[in-house]
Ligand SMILES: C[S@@+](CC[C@H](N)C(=O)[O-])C[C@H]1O[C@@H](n2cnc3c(N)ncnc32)[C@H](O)[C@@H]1O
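Below, in structure tokens: the form predicted on its own, a single chain.
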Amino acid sequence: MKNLATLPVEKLLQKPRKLQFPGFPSQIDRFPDLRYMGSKRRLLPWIHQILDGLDFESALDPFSGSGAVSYLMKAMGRRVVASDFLNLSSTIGHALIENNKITLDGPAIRILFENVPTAHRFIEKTFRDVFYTRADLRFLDRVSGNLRQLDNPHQQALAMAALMRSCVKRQPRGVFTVSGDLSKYDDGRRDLRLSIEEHFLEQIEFFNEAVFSNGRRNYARREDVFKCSTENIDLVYLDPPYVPRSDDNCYIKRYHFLEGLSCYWQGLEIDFETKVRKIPKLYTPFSYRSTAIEAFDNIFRRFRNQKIVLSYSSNGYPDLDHLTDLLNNYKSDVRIFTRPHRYHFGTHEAVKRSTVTEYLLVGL
């Protein structure tokens, strides 16, 4: 048998939806990836190999993001608490981590597609000529209003998660930093030809298929990492934002439309002076050199009674040695795993590719 630890991740994932090798949960093939910045979807085989060697029955993922690692740990049969300070991420958590059995059935789908003459037109008016066609925007308004008529909160979360992924597929490069004439990004992909309504029909099926029960009572929350409860938690998986060497790592900058859509912009202030209708950036101390080291020290201290698995990258700050020293202050046994990895930003011809080394620091 080949040693999976020595194989490049890209070799393991020649067929992205067929992550098949001994011990890896086949359920992961059903996970609907959001093309989320920093998503660990392509690294799941490697992460699984390391997690599978640790003794834990419950896990907290307080930077759940796209939900990929939470979904992996759920598929491994662990009790999972997925949390994030973004509403879009907690929505995915409610749809696929907390939810063990509820799907969007026929009656729910009919409610979602119902034509309501009095439907709000907030998205159509606010984002006209920004991202999508008027028909797409009207459809987003219609479904956003209709899903609130669903009685089950997990059905609401599933519908919103499917709607968000539809928007990502329809948007060139999957981010919301460009507006206006987007024809220069049209490389003939099917995703750019389908309407959001057509995408949504497909995504309902994908998300329904992704729902499963692991026999545990799992939870999804929207919380700051420093406020997450550690009660009955054996392991904490940490994947905080990286302090970048250039540009920035702001998720709101790239996904503000999804964050707003997830709550229909309730309680959010829109900056109408910006072309893409930005919303305020959320602060996290992990995003700045001046505060990152203290933030890591605080988070290691907070979870010193749990097993800690930290996911980080060579293109972030602080560096591996500094992180190891900090973790050694609270853990007597620190193990380091590394993996070459290449991030892909966008899908057009001029796509930037960044080769880095991914780290998993395990504190026991």
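Numbering starts at 1 and runs along the sequence shown. What you see is a predicted model; the values in this text were computed from it and never measured.
Here the subject shifts to the form predicted together with the ligand, a form of this protein not shown in this document.
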Margin query: I need to confirm a contact call. Of T230, N208, N146, T284, which residue comes within 4.5 Å of the ligand in the predicted bound form, counting heavy atoms only?
Written below: T284
Next item on the list: Give a yes or no for S89: in the predicted bound form, does one of its heavy atoms lie within 4.5 Å of a heavy atom belonging to the ligand?
Entry: yes
Next item on the list: Would you please decide whether D224 lies within 4.5 angstroms of the ligand in the predicted bound form, comparing each non-hydrogen atom pair?
Entry: yes
Item checked: Y36 within 4.5 Å of the ligand in the predicted bound form, heavy atoms -> yes
Note to self: in the predicted bound form, does F85 come within 4.5 Å of the ligand, counting heavy atoms only?
What the structure shows: yes
Next item on the list: Can you check 68 to 76, 124 to 132, 270 to 278, 101 to 109 and let me know which stretch has heavy atoms within 4.5 Å of the ligand in the predicted bound form?
Entry: 68 to 76
